[in-house]
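Below you'll find only one chain, the form predicted on its own, shown as structure tokens.
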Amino acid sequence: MIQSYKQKHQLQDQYDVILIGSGLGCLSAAAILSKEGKKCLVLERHYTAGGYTHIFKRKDYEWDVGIHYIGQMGKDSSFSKRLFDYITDKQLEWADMGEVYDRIVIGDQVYDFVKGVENLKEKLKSHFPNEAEAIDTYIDLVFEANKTSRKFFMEKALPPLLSKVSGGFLKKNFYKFSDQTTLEVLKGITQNEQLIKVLTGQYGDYGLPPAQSSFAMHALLVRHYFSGGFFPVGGSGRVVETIDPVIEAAGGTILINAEVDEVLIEKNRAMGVRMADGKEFRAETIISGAGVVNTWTKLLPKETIQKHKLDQHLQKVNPSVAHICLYIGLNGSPSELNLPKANYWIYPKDLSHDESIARYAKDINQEFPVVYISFPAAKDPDWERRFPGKSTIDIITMIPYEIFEKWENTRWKKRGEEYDALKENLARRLLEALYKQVPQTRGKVDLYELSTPLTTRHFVNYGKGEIYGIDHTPERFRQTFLRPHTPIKGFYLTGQDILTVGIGGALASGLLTASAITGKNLTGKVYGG
């Protein structure tokens, strides 16, 4: 049954903008367009809104599904901070994680990533005193790649005709970085394998190891955290809670349990959507934040796909990595358990990142290629008020989707004993990784629940359980169809697929799509607002 996200709302048949999906790309675009006077209808197929920003609860606990930390929230002048302030009317607060935001663990060696560029340089040089020049060069390249990205992303908002005229000029400098893999760039700086392993210790944030990922993606990610990590006060559920009133103020609403069956196309113009229950909503502008694969294969009429050869686009991109996540509830507050705020990135000692993944892909009983541990209860200063005497921890690792493929037609929570046994085995292994790094948690675990790629498939509607949409390879950044405009009039895309992975990419994609729709450079309003 279709229902409003928070309160009763008088539904209308006609809106200015309909957005498919309630991930941060759509929420960001809807809030910005609402401030431009547009009445927006956001449609979410599941019973909870927010995409990867949503939360879920079990017993006395609450877990954040996708926001584990975000960068650039410390200064009011930063782009991400200004944009979040704009779309939430400054109602969303952020807590600083402290000096150390990421802790890279390789075997028994620990390398802290500390906030502040000079502090990070100094810390890295203390571990690698003979690599000082390489470290300085690396940081310089990260900044240079980020500088070139501004014009590259700006080009995406241009109308197709103008893009053909000036697009090449705007993108050429960015391609110097995006066309190279992360490993190629780092091998040109240093031959120290351990340093390379440390510098790429956050690769799990974009899902591809150094020999496969675009250096541009790597540079965008690591630069994002140079000023430290931050977490939303009150948990990531506050994201949709603070954006919803902005949409409501313009007469719009967010609907849950509202699955779109098909976008209505007439004479190559998007006119509205037909819901799974047959109801139709009309709007002059339709935005899909469901990802390009879902959009091209599930939401558009077959004749439209064939007319514009949209299915051929999908042959040029691949889904990103699938993952499992262990959600843990513990007895004891974060302060009582002395839980850290910093994230742990744990890697095998014996192999490079790429080699570890290759070994694991052949046999998942081998050592995990990466284990990421996040302590959301410790990061949120409001947690102990809401959940006294309790804590939560998330542990994530990648896993081949094929391991779970035979259960993909089974029902959530009812996939059978073999599936449950596999989950339990994986959960136990992840718990042991936690106990090794944070031994005081042993004996304090009250409950745990493992999500698999099938869980992601069920809730986020990614066909292969992928966590980051499409892969961030060098080839991905050459795909010109990854932009807000589509060949269909009045039909646009948003979300991490058209920009880059994660909260920052999805957030900025909403601004990009809103700018493309209005024909205005809305960045000025964000900074002025």
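These figures come from a predicted structure and were not determined experimentally. The numbering used is simple: start at 1 and walk along the sequence shown.
As for the form predicted in complex with a small molecule, it is not shown, yet the points below apply to it.
Not one of 375, 401 and 452 places a heavy atom within 4.5 Å of the small molecule in the model of the complex. For the options 33, 41, 493, 501, the one in contact with the small molecule in the model of the complex, meaning a heavy atom within 4.5 Å, is 501.
Of the stretches 483-491, 55-63, 466-474, 33-41, only 466-474 has residues with a heavy atom within 4.5 Å of the small molecule in the model of the complex. The small molecule is not drawn, but in the model of the complex it has a heavy atom within 4.5 Å of residue 22. Using a 4.5 angstroms limit between non-hydrogen atoms, residue 153 is distant from the small molecule in the model of the complex. Remark: residue 133 does not count among the residues lining the small molecule in the model of the complex, judged by a heavy atom distance of 4.5 Å or less. When contacts are judged by a 4.5 Å heavy atom cut-off, residue 85 does not count as touching the small molecule in the model of the complex.
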